[in-house]
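This document starts with one chain, in the form predicted on its own, laid out as structure tokens.
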Amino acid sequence: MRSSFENCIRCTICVEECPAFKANPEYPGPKQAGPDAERFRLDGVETVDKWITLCTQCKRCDYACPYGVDPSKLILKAQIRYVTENGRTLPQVLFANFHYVAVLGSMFSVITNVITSSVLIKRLLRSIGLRSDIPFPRFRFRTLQRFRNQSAVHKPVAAAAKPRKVAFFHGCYLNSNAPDEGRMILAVLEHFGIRVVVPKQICCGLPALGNGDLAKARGFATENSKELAKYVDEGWDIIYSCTSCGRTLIYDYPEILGTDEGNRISENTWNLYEYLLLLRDERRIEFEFKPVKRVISYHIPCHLRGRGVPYPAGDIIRQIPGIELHIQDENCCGFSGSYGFKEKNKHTTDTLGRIAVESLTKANPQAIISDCGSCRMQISNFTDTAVVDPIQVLCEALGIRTSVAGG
């Protein structure tokens, strides 16, 4: 149970942990933007300053607070209020509705990928406030939703007498932009004798929240909860790999839905690697890894740190013989989904990205891993080192042959 903002004693620990404050002098930090500003609002100050939009919603301030205050939640409410009072920009409308963009983008992926990489479209994107100097994520026709039964080629181990059942929440990026990694996840779960389904789902709602559209976010959450709650009620666990999607299901759904369904989903949702560690500890599965000789740097996504088990993928991968793993959890990559695609945030995003990559490459890794697709995109902008999903390393160590579907 988090405490009231009135418990803030102005210690500034949250400010010390804030990436945006370090990179952008225009942002006053989470203490002023959160608890301090909330006190002014209680005193009758009605306006919300524009700098409130400079917060990346990385949540590091929440994790850092020794008194249980959630500055990011106060800031998010102020961001939504600012957008409501001042109107939504075209980029905010675009990203709040990115689910529909992704559906269309993947449906017509051949055309979409050509168009989004053209010079003319890049100029158009910049004219509406989006960045044109970084690549737009490529869309795939063979999405997880469209080809749910296709997974990697593997030999499953013997299932337990009563196998665990999981429903996989893949999120937008893994569905439309990186479905092969999604199929690897399905293969790993099946390898351990876990029964897995990919339920019908839409965007978790986080992009809508981050772009000031609470009604849209609640609509997405409501639609997902109808499907996910059915699985929970039938004894299925919900598994995610996208750390931002998972954080939304666990921490945001109970509040924005305000229903028992939201609470049940929150209480039965697990990070993929956290779940595998749990089953290992319960002696339901065993890790039998082949040697993988590689130096790997692991970038910890900000939205993973609040789960209390900050390195579940790292805890598994470091058990693989031959792996030399270097964990980097001190730096935010600065991208934060749609935040990083906006031209006004370029300086903050790039400054933080360079800092993170400098730390990641000190060990001269042969690969960099991160659970978050947004983080991987950002890191790839500043290094030639391969940046991959941890599931690729796990598949290699388990001897799971992966088939790239293409398209």
Partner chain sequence: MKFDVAVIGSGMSGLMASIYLAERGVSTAVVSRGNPICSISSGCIDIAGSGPDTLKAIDSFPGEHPYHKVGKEALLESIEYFQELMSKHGLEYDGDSRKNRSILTPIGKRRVTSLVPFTMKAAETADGDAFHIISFKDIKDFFPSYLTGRFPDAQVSVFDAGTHTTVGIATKMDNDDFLVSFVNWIREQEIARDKIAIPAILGITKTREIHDRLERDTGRTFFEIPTLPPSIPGLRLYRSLRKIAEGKGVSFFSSAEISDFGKERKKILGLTIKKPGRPDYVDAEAFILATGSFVSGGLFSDRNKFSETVFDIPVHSPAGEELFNEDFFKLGHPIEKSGIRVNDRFIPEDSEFENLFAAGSILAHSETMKYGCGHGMAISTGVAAAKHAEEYIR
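What you are looking at is a predicted structure, and each value in this text was computed from that prediction instead of being measured. Residue numbers count along the first chain shown, from 1.
This protein has a second form, the form predicted together with the partner chain, left out of what is shown; the following refers to that one.
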Work out which of the listed stretches, 363 to 371, 22 to 30, 334 to 342, 50 to 58, brings a heavy atom within 4.5 angstroms of the partner chain in the model of the complex.
-> 22 to 30
So which of P91, G193, P137, P310 gets a non-hydrogen atom within 4.5 Å of the partner chain in the model of the complex?
-> P310
Among the candidate residues A78, I327, L257, L125, which is the single one with a non-hydrogen atom no more than 4.5 Å from the partner chain in the model of the complex?
-> I327
Taking heavy atoms and a 4.5 Å cut-off, does V388 contact the partner chain in the model of the complex?
-> no
Just to confirm, E267 within 4.5 Å of the partner chain in the model of the complex by heavy atoms?
-> yes
Answer with yes or no whether V232 is in contact with the partner chain in the model of the complex, where contact means some heavy atom within 4.5 Å.
-> no
Would I250 count as a contact of the partner chain in the model of the complex, using a 4.5 angstroms cut-off between non-hydrogen atoms?
-> yes
Any residue of 353 to 377 with a heavy atom within 4.5 Å of the partner chain in the model of the complex counts; write them all down in order.
-> I355, E358
